[in-house]
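What follows is one chain in structure tokens, specifically the form predicted alone.
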Amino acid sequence: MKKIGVLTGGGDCPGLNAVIRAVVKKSLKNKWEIIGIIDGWKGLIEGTVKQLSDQDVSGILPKGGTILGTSRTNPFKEQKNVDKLLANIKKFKLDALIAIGGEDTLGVALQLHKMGVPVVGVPKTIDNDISGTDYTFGFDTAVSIVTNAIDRLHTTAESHHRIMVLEVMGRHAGWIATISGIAGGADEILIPEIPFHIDDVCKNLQARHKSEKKFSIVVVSEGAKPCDSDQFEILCEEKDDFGHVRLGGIGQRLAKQIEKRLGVETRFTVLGHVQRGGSPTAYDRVLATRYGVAAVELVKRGEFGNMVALRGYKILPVHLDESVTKLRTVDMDIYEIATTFFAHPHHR
């Protein structure tokens, strides 16, 4: 009888519980024992685990977050943590590991695979920036939440003749801003892939305000960068375990610059963790479920060192190397669609 460990790492997102549920149900069907690792890699270092039963995953499909807990722990920061982790895999007699997470979690999984640990990955990031897969679960839910926020900002912007700046998640890739911006009819979308000129942005907004439209919506990714960066200071230099600077504050600084230059009342909203929370959409529930089942099938076939990925409509195995070595940035053909609706399609 096989004994499989499952963990969730990195930021939480809607759909994690749907994957856990599918992994547990499919494993139990195979007559395997399934061990839940608490709080990501941290749990495997500290040896905090629990056996999962059918009962544990009952009713978790529509729930956001993760019943296993999560952390941004990088075991490879200290050799002693790697040693503890490997010792615990032996101690709990784990035949395989299923790691659900983004580039950092999968990066750790890849390193462990190279050390001979039988591991399979499930790609998770609401930013949708993992290479090798068309979609990550959680992204569709985040886009729905952001689109809803844009719709709500529209009505207040129109009533007050204001410019509204909405800051959304997206450290290196502007997928959330682009897709929700198109869906919500944003008048300007600023993403990390294309550094922006504040003058161009203001010209575009001014053109709208000179016309019949007395309001505008600007959607900006947290990682968007101005070409003239001297006017924008980074708010925070604090870094996490994987060396990422905590981003945030571009929305506020952008709103200040726009109001100063145009003399139009400008407000900013930062959606922040609201984008990560709550119940997953039907699309994400189904995708997460398919991923969970496919991950167990990879373990069964012994296809370790792979992650499950959506290609077209099929779920296929893709080597972890592909998910970790490069980021999946916004497809410029899709971004071009967004620019059709700007007053002046600029800086392209």
Ligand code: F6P
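Computed from a predicted structure; not experimentally measured. Quick note: we count residues from 1 along the sequence shown, nothing fancier.
Below: the form predicted together with the ligand, not depicted.
Undergrad: Pick from K210, H273, K90, K80: which has a non-hydrogen atom within 4.5 Å of the ligand in the model of the complex?
TA: In short, H273.
Undergrad: Consider the chain as shown here, without its partner, and state which of T133, T178, T125, S216 has a heavy atom within 4.5 Å of the ligand in the model of the complex.
TA: By the 4.5 Å criterion, the partner-contacting residue is T125.
Undergrad: Thinking of the ligand in the model of the complex, which stretch from 262-270, 200-208, 164-172, 92-100 has heavy atoms inside 4.5 Å of it?
TA: Contact criterion met by 164-172 only.
Undergrad: Under a 4.5 Å heavy atom criterion, is K84 part of the interface with the ligand in the model of the complex?
TA: No.
Undergrad: State yes or no: in the model of the complex, is some non-hydrogen atom of E222 no more than 4.5 angstroms from a non-hydrogen atom of the ligand?
TA: Although the ligand is absent here, E222 would touch it in the model of the complex, with heavy atoms inside 4.5 Å.
Undergrad: Verify the contact flag for R72: yes if a non-hydrogen atom of it lies within 4.5 Å of a non-hydrogen atom of the ligand in the model of the complex, no if not.
TA: So R72 counts as contacting the ligand.
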